[in-house]
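Read the single chain below, which is given as structure tokens and is the form predicted alone.
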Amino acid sequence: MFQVIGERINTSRKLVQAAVVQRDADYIIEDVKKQQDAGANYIDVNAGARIGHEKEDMKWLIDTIQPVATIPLTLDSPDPAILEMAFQMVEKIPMINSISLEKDRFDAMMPFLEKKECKVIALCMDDSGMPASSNDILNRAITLVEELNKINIPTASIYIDPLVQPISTDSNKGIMVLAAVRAIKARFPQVHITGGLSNISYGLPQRKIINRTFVSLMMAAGMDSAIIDPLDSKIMATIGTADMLLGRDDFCMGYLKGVRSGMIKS
């Protein structure tokens, strides 16, 4: 089944940052509960927006969230020291967001990840910039999987982010990433595909319908996870329905449960 990484606990969002500054635990707890109730499988926690306060903010967020979290956390930071602190605090096996092939980030993250029991989001980015073709994405994914395997991160714990790019700047960006996802899954059937979807619609009107249509196409290509807002009921309904149509929902039980709860409706 598709795994949803709830993106809302991020201090780049004004209301979240205000809650963190004011140490408004009730706001954060309510948001986490809503994401869980909506079907999130992970809660992404990012405290990086307040420069110079990330460590204390991340610690407070985890202390606040963990007592009410029934699902694992995704620890989201480019700083291995912050991640190490957060990793030691969590009770459930976390997801780490993220590593890439950019030399500075790769060299800093690999020692942190070694011997850790965790899931890992791996971005198909290197020092040359965004990938220009599906082969670029595939080759970077191959390198990421092979390097992570070397430090005993199993393929089934790796979540490749192929880096969705705006179709408004190049009409081939959609088919490029779809081809890359199919190729990655053919090479590594056990690997997961995740990432943010909304970049595809950047610069275009009616972005939500584009995002909902695109997630169905990406799921058909092999995507099985996304970093999204689980309170967007329409995209969650699309994901639940696509899971069923792709044969990932035994006896349509997930779909029927979603219909009965009112989460899936026309």
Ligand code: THG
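Each residue number is its position in the shown sequence, starting from 1. All figures in this text were calculated on a predicted structure; none of them were measured in a lab.
Omitted from view is the form predicted in complex with the ligand, to which the following refers.
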Does R13 reach the ligand in the predicted bound form, with heavy atoms at most 4.5 Å apart?
yes
Contact test in the predicted bound form: I227 vs the ligand, heavy atoms, 4.5 Å:
yes
Quick one: is P78 in contact with the ligand in the predicted bound form, heavy atoms, 4.5 Å cut-off?
no
Please tell me whether any heavy atom belonging to I121 falls inside 4.5 Å of a heavy atom of the ligand, as the geometry stands in the predicted bound form.
yes
Position in contact with the ligand when the complex is considered in the predicted bound form, options G196, P72, P166, P154, heavy atoms within 4.5 Å:
G196
Partner contact check in the predicted bound form: of 134 to 142, 183 to 191, 79 to 87, 121 to 129, the stretch with a heavy atom within 4.5 Å of the ligand is 121 to 129
Would you mind checking 91 to 110 for residues with a heavy atom within 4.5 Å of the ligand in the predicted bound form?
N97
